[in-house]
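What follows is a single chain, given as structure tokens, in the form predicted alone.
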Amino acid sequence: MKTVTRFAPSPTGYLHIGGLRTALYCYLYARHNGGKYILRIEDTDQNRYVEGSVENLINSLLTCGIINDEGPKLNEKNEVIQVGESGPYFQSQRLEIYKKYLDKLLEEGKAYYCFCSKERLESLRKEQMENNLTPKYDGKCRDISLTDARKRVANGEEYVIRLKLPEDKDIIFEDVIRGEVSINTADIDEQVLLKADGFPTYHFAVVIDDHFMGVNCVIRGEEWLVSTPKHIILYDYLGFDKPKFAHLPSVLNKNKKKLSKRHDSVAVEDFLQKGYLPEALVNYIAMLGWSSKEGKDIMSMEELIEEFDLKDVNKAGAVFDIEKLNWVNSHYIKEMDSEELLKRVKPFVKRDTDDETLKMILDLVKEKMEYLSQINELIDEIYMEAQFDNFGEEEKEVMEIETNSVLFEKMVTLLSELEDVTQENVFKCIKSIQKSEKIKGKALYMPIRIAINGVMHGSDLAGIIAILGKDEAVRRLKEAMKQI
């Protein structure tokens, strides 16, 4: 049987790191097994819908190379279109399908109308919590006959429809990651299937949609593990084949708490806008709960597809370590072809810089870069000028070295004579002074660096001078000579 997976987010904002990991694992598993990966939008909670979030989500996934076979896509006008034979792929457009199966459950006595007010339910919940009981519905409306319930509905009473659970029954299922899981129905709430606004809940719609879209492997976060028995009961009630389940461990912050939208930086879009390379982000995210059998840290999408298996996913939560992500991203930056790196970094550059100069800058600083937007602070360091009036004691001490007059004069002369101001030629100038004037060590490089940038440490000095150019470097050295 062909493997079919799906990623089914709610359009309530940006795609977060945990969602990206789920989508990636769904994609990798489908591709590894020669199957199909579907994107579906679970928008039954209309109150939480955020305008533009679907476009944002599709763009983020596309940028990361996670391309769905079916579901919403963007056309050349950035408009959402739907591709595939199992649609619609928005739950809000599938209400007639859900109604048919709700009616079936009601007729068979496997679901029931509930007329309890929000006030009663809140009071019940509060009382249960005060008595250290698991908050759940107490079944008050469970035995209202379908005939009486429909009369009340016809009279305009507000209602929801709930799932009727079998009493005291162990629901046992096999999870690919966690092994056998058993939960008794006594510990499960009689779930609302249809809300008062006429929209189905996730728990009902997901079963219907997965069945009719042919999804046979459900990969999702571990927070849905306790809900799976309800879904299994629905599969059984409706006579549907059950998929296999894989519940992924949580992605944790550095304090080993679940990553939070409120307290942590988790938006995929923010990482991309900061200049984390999509391939590096995907590489790192893949390792949050899974690892290569060969122990590799750096893996392309093709390599991930080749190796990925759900059976190798850990049960324990994985810590999102920004330092490790920075290391992975910096590796990709260092290894990237210079023309490709130039193309990638240009959208982040704020200073008006021509391509040839930017290439020189990248050659000089890319070893320091952890993400692309850092290019601006690194450029600022290169073009920074000495503020002689604000020097600290160490800088003042360097400026008082007695050989500085000779050093600066010789450097001005040699630079002025250069026809081609390259990093190599500037380095030769400095080495020439070292040899002819017997100036070396701290007395050689530090005074020139302070004259050029006003700091004692930084990127390769000869490279900085080559980028600034002969005229600017000579001007700065002459200004330093006035301070002696």
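Owing to the predicted nature of the structure, the values given are computational and were not obtained by experimental measurement. The first residue of the shown sequence is 1; numbering continues from there.
Unshown form predicted in complex with ligand GLU; subsequent notes refer to it.
Using a 4.5 Å cut-off to ligand GLU in the model of the complex, each of A8, V206 and W224 places a heavy atom inside that distance. The shortest heavy atom separation between Y202 and ligand GLU in the model of the complex is within 4.5 Å. Ligand GLU in the model of the complex comes within 4.5 Å of no heavy atom belonging to K73. When ligand GLU is considered in the model of the complex, R220 lines it closely, a heavy atom lying within 4.5 Å. Put simply, D69 is far from ligand GLU in the model of the complex: not one heavy atom of it is within 4.5 Å. Contact residues in stretch 33-68 (any heavy atom within 4.5 Å of ligand GLU, taken in the model of the complex) are limited to E42.
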